[in-house]
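Next up is one chain by itself, shown in structure tokens, the form predicted alone.
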Amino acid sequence: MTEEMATREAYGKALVELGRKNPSIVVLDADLSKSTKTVLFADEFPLRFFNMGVAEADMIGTAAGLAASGFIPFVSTFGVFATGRVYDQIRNSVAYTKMNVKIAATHTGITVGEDGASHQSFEDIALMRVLPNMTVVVPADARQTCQAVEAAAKHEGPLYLRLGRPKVPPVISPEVPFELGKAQLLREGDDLVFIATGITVGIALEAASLMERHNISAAVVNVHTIKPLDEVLLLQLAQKTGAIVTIEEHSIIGGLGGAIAELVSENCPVPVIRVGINDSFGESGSPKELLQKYGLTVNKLISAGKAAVEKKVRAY
């Protein structure tokens, strides 16, 4: 895949391919299949697709029942509905019981755009990450989304897959292997490491390249699996570089930044600066305008990188 494509679009296409190979795959949606792109699966496999209507809690319970019957259900709706509205059902019917349910949420983060604060989910990673037995995956581009969907189907147990609305450019080379729980070192560096997830991986790669103008060698890591973290690689990089900047299209509370801060504070204390949504709701606007306003930009990341290196210098 060399063209720009939304991860939700790649998800819909990947489901169809998966459905052709595995008759146990079933898909549930909450009256948003055209937006989540599960309509592609519905068109080809109408008997394995269930439109549950605007009844998300019922959808999660039904998915748990299908999983208990030996099927592999993929459940889809917008991020705010897929996590917050149905949290009790996910907690008790899926996570607690270790049901083999895949929750694939589209329209997450600030790039939901014009739909505004009510539909921009900044807390979904935190909600899913805190649940025992839950795996949390945030692919960086369309190709990685296809890999994540296939891996999710093979994975036994609850899994949350976070997807986006707008088209995104390809950022991960086809040669880079994908494995759940294994972060991807995309760029070597000695002075600093940018740890990114989802659409922010491209921002991190651009920022790292520009850091060379400031005589700072920055590594870049794509953490596509936020739970479980690749603790071995992340701690190696923390020890090697001595400074970390995280970036995510999510609240800095409880998401990737929180997970990294928890990890290194207990095992390898180094300066950590978190770039993301700073404890606020969003607003209506184009994705580009909102990314700029809320600081998910190359320039913001460069400033954070320089500050992290300065913190490291002062510490020593």
Partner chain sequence: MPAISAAALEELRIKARKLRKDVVTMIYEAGSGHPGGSLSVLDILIVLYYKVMNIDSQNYKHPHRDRLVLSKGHACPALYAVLADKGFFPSAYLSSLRKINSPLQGHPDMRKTPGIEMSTGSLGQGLSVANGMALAARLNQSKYHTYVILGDGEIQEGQVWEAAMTSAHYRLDNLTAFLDYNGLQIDGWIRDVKLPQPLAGKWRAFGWHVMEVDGHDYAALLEAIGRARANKGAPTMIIAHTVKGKGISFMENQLDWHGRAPNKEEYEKALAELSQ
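Everything numeric in this text was worked out from a predicted model, so none of it was measured. Numbering follows the first chain given and starts at 1.
Below, we refer to the form predicted together with its partner chain, which is not included among the displayed structures.
*Asks:* Within 4.5 Å, heavy atoms only: does residue 61 come near its partner chain in the predicted complex?
*Replies:* Taking the distances in the predicted complex, the answer for residue 61 is yes, it comes within 4.5 Å of its partner chain.
*Asks:* Quick one: does residue 285 come within 4.5 Å of its partner chain in the predicted complex, counting heavy atoms only?
*Replies:* No.
*Asks:* Using the partner position in the predicted complex, report whether residue 88 sits within 4.5 Å of its partner chain, counting heavy atoms only.
*Replies:* Contact with its partner chain, yes.
*Asks:* Please tell me whether any heavy atom belonging to residue 227 falls inside 4.5 Å of a heavy atom of its partner chain, as the geometry stands in the predicted complex.
*Replies:* Result no; residue 227 lies far from its partner chain in the predicted complex.
*Asks:* Tell me which stretch of 287-295, 251-259, 49-57, 34-42 has a heavy atom within 4.5 angstroms of its partner chain in the predicted complex.
*Replies:* Stretch with heavy atoms near the partner: 49-57.
*Asks:* Report the residue, out of 26, 273, 270, 277, that has at least one non-hydrogen atom within 4.5 angstroms of its partner chain in the predicted complex.
*Replies:* Exactly one listed residue reaches within 4.5 Å, namely 26.
*Asks:* Give me the residue from 155, 98, 167, 182 that has a heavy atom within 4.5 Å of its partner chain in the predicted complex.
*Replies:* Contact residue from the list: 98.
*Asks:* For the stretch 60-85, which residues lie within 4.5 Å of its partner chain in the predicted complex by non-hydrogen atom distance?
*Replies:* Result: 61, 62, 64, 65, 66, 68, 69, 71.
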